[in-house]
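First, one chain by itself: the form predicted on its own, in structure tokens.
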């Protein structure tokens, strides 16, 4: 039979099959030697001596390493409009990492009820939308219909710094999910008995990953040229004369010309230039 791994605690795997049955399984030795299973993996399961065992990991569409999740459709980047103030630099760093893994970014701006009409956040929101990103606004009295529709039938991971209102947002989406994640967080913070735990929860008709989150932004695995080819803003531009153009100071670069002519976001380009200095280097930025 086949199923999806939705929970990992130590070496115990919870798998949901196509009939929504939940199975407790172990990983065969040959699977662990090949590649350790992660949450989101589609797997083949066999029964040996009355126990369910993971026989094979099916090909992955993508994989995140921190957090360790596979076959992700989108990453929900939650950033507050105020307190802390909206940071397009941090959002873009998350966007670049997410797009590099062939995952669609979903930008959610919280605490919009605390903004004034002339708040700079509205300029950033328009900039992202003009570049083709989906941006959803939430606040104290905001309905969540648009966000729920975006989560339906998708595997989503959460990203964003502390203090932006992720817990409040999750509580409004599904109080049971918020309570479960709080209990897990308490269990994992008890000291030396901490257990590795990752889980997918059913929320709004989709799957939402409760993970340790993007605790740091690691660009040491990132190739700058590959990253440039996956940034949404750059994909709509005319191609450069040279396939190996890094869009930094090369003559005749179509991306630089697009920025100068206002067809490509200058915010995104400036943040891209800053990030290229971190690619393939052992440097991490803490959230």
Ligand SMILES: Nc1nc2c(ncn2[C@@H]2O[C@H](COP(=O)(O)OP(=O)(O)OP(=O)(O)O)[C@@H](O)[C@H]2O)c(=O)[nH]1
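The structure displayed is predicted, hence computed values, not measured ones. Residue numbers count along the first chain shown, from 1.
What comes next is about the form predicted together with the named molecule, which is not displayed.
Put simply, residue 114 is close to the named molecule in the predicted complex: some heavy atom of it is within 4.5 Å. Heavy atoms of residue 165 reach within 4.5 Å of the named molecule in the predicted complex, making it an interface residue.
Taking the partner from the other structure, the named molecule in the predicted complex has no heavy atom within 4.5 Å of any heavy atom of residue 152. Although the partner is absent here, residue 161 is a contact residue: one of its heavy atoms lies within 4.5 angstroms of the named molecule in the predicted complex. Just one listed stretch, out of 119-127, 199-207, 132-140, 92-100, contacts the named molecule in the predicted complex at the 4.5 Å heavy atom level, and that stretch is 132-140.
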